[in-house]
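Just one chain is shown here, as structure tokens, and it is the form predicted alone.
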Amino acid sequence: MTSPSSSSSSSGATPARVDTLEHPALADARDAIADGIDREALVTVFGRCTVDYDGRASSHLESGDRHVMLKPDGASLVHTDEGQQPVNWQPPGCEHSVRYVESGAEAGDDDGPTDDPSTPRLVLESDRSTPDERLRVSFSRIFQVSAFAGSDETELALSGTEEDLRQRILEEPSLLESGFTPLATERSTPAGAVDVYGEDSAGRAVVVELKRRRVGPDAVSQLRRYVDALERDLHADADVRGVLVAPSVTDRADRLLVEHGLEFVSLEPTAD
């Protein structure tokens, strides 16, 4: 049974267009997918399929119900009903193609546990030339095909980053403590780059490690390595303080801070 539907929106510079087929015949699905690829639409396909990758390595997924997304920039993603990451994918720059074949054997499929190898298949491929690799998805049944054509000219604006946290301290050093003077950012040490380096009101060196989220023992260990590295770099009598700045720390991290003589300042990346 084939149930086509189409809708559009006049908002924005380019009217959005959505074309959907539910439970289409494989030949009809092929035509809809080919049209979407030609129009540089975002194409999604949900159905029963096997998935094969050949390139720098090789992999095979037996037959299962999966959601495949073909993006106009050449990226392709295969999702199951679990997790946020695709089970297989290709990066932008690939060439998408679709074809209808009379049998799974013709498509090059390994027989799945429930699929008849003599049944027709719809085959999606995303090919990349450098390096040479191919993602092939072979459908025995398709439940839905959609093609979405629209526009998105905006760029992602990140907030709440470690850079936001750094800027807050540089613009208002007293957020760390009264009398703190920032001297450098990304100061190089043998253990890595220190987020903010400065001096306190007594002239002691201060190493500031920034984290935008609640942190655990790893962040404390990282700060300890920076402090140890700077103490070796500076003169023998140098007194180097280490301050971890984050919204919060775990109980174990708090105990380690005390054990190593390090300090903690609770601060959010943004003032809101």
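Start at 1 with the first residue shown and count on from there. For clarity, every value in this text was computed on a predicted model and none was experimentally measured.
Keep in mind that the form predicted together with the DNA is not shown, yet the notes after this line are about it.
Engineer: Going by heavy atoms within 4.5 Å, which of 126-134, 169-177, 144-152, 95-103 lines up against the DNA in the predicted complex?
Structural biologist: Looking at the other structure, the answer is 126-134.
Engineer: Which listed residue (232, 39, 204, 213) meets the criterion of a heavy atom within 4.5 Å of the DNA in the predicted complex?
Structural biologist: By the 4.5 Å criterion, the partner-contacting residue is 213.
Engineer: Going by a heavy atom distance of 4.5 Å, is residue 161 a contact of the DNA in the predicted complex?
Structural biologist: Yes, residue 161 sits close enough to the DNA in the predicted complex that at least one of its heavy atoms falls within 4.5 Å.
Engineer: Answer with yes or no whether residue 80 is in contact with the DNA in the predicted complex, where contact means some heavy atom within 4.5 Å.
Structural biologist: No, residue 80 is distant from the partner.
Engineer: Residue 222 near the DNA in the predicted complex, any heavy atom under 4.5 Å?
Structural biologist: Yes, residue 222 lies within 4.5 Å of the DNA in the predicted complex.
Engineer: Taking heavy atoms only, is residue 119 within 4.5 angstroms of the DNA in the predicted complex?
Structural biologist: No, residue 119 stays farther than 4.5 Å from the DNA in the predicted complex.
Engineer: For the DNA, considered in the predicted complex: do all three of 185, 242 and 264 come within 4.5 Å of it, counting heavy atoms only?
Structural biologist: Zero of three within 4.5 Å in the predicted complex.
Engineer: Go through 42-60 residue by residue and record those having a heavy atom within 4.5 Å of the DNA in the predicted complex; state none if no residue qualifies.
Structural biologist: Going through 42-60 in order - heavy atoms within 4.5 Å of the DNA in the predicted complex - the hits are 53, 56, 57.
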